[in-house]
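Next up: a single chain in structure tokens, the form predicted on its own.
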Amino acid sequence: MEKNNKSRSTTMNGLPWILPAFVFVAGLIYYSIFYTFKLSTLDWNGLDPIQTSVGMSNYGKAFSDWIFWKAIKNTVVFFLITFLIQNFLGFIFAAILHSNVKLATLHKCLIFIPTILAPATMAPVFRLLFSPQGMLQDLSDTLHLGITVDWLAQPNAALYILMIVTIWQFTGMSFILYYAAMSQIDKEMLEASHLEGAGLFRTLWSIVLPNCKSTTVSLAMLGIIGSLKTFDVPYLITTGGPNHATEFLGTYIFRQGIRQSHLGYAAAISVLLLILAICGAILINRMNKGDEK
């Protein structure tokens, strides 16, 4: 009985500390989700005082909208390629910098700096870099390669340009997390593998990578959520074009809600985006728990 009273007292003492965060989450985030769902049942341009209720028809419209499915396809391809490449590079960089490398601090800074750059500052640079008047075109002309750099105008190439930009930007995040995870690995385990005759690649595959599994799972969750809400880089570099080749759910929501004033339809896509993000996070978490069993 005394133990229960003590536990209850501890809970009550901690309540004032979490109350502001709880009020913020419940009052802003959850209310916003509820309000967005309410908007998704309306046919409204955001300005007209008349709001027409259309039930769930906006969701039916989304499921029959080829641009919506194109945005989902782009998101899936974007996530798979960027996740694999940037985490592979981050893992390799972390492993290298855990060895005796000169100027290791400088290398860490150089790898991580792109992560803290604002998309609004770097997007114009990449747009110019891959334009027919950019540096790559000048290099091609100087070397007489005969290549016209207009890849941002090519539907088959524009999406991969955005992947290159994203990999360049967020490999530093994967590197930092893997570097921290590798710092927690027992050095005696690594020394034992070395004494047993295991080579570098065998050690990385059999010891280091399994011990970084939780980091990989966390990066997968962040990658799924980040891919679903991708907006700034595609909008600033390609605005979703050409011909919706780089359309993502975020850019499509902006296009429908702000540019075309279809607020109800944009809200419906936002709700579907939230559901996809939650499902992706749950799937990764269950896969992780299944592997642990």
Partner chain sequence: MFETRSLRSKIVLQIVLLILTIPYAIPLVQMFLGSLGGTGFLNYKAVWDTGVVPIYFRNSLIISSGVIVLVYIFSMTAGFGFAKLRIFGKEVFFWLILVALTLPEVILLSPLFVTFQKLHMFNTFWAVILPTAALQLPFTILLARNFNNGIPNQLIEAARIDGASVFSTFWYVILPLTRPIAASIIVLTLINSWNTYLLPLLFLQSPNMQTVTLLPQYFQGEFTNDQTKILAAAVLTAIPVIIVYLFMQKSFEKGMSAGALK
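Residue numbers count along the first chain shown, from 1. Owing to the predicted nature of the structure, the values given are computational and were not obtained by experimental measurement. Rigid core here is just the name for the largest C-alpha set that superposes within 1.5 Å across the two forms.
Form predicted together with the partner chain: not shown, discussed below.
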May I ask you to state whether Leu47 is within 4.5 Å of the partner chain in the predicted complex, using heavy atom distances?
yes
At 4.5 Å between heavy atoms, is Ser32 in contact with the partner chain in the predicted complex?
yes
Contact between Asn100 and the partner chain in the predicted complex at 4.5 Å, heavy atoms?
yes
Using the partner position in the predicted complex, report whether Asn74 sits within 4.5 Å of the partner chain, counting heavy atoms only.
no
One stretch from 153-161, 140-148, 121-129, 75-83 that, in the predicted complex, holds residues within 4.5 Å of the partner chain by heavy atom
121-129
Residues from 224-246 in contact with the partner chain (non-hydrogen atom within 4.5 Å) in the predicted complex:
Ile225, Lys229, Phe231, Asp232, Tyr235, Leu236
So with the core overlaid, does the Cα of Gln169 end up 2 Å or more away between this form and the one not shown?
no
Answer yes if the Cα of Ile275 shifts by 2 angstroms or more between this form and the one not shown on a rigid-core superposition, and no otherwise.
no
With both forms fitted on the core, check whether the Cα of Gln137 differs by 2 Å or more between this form and the one not shown.
yes
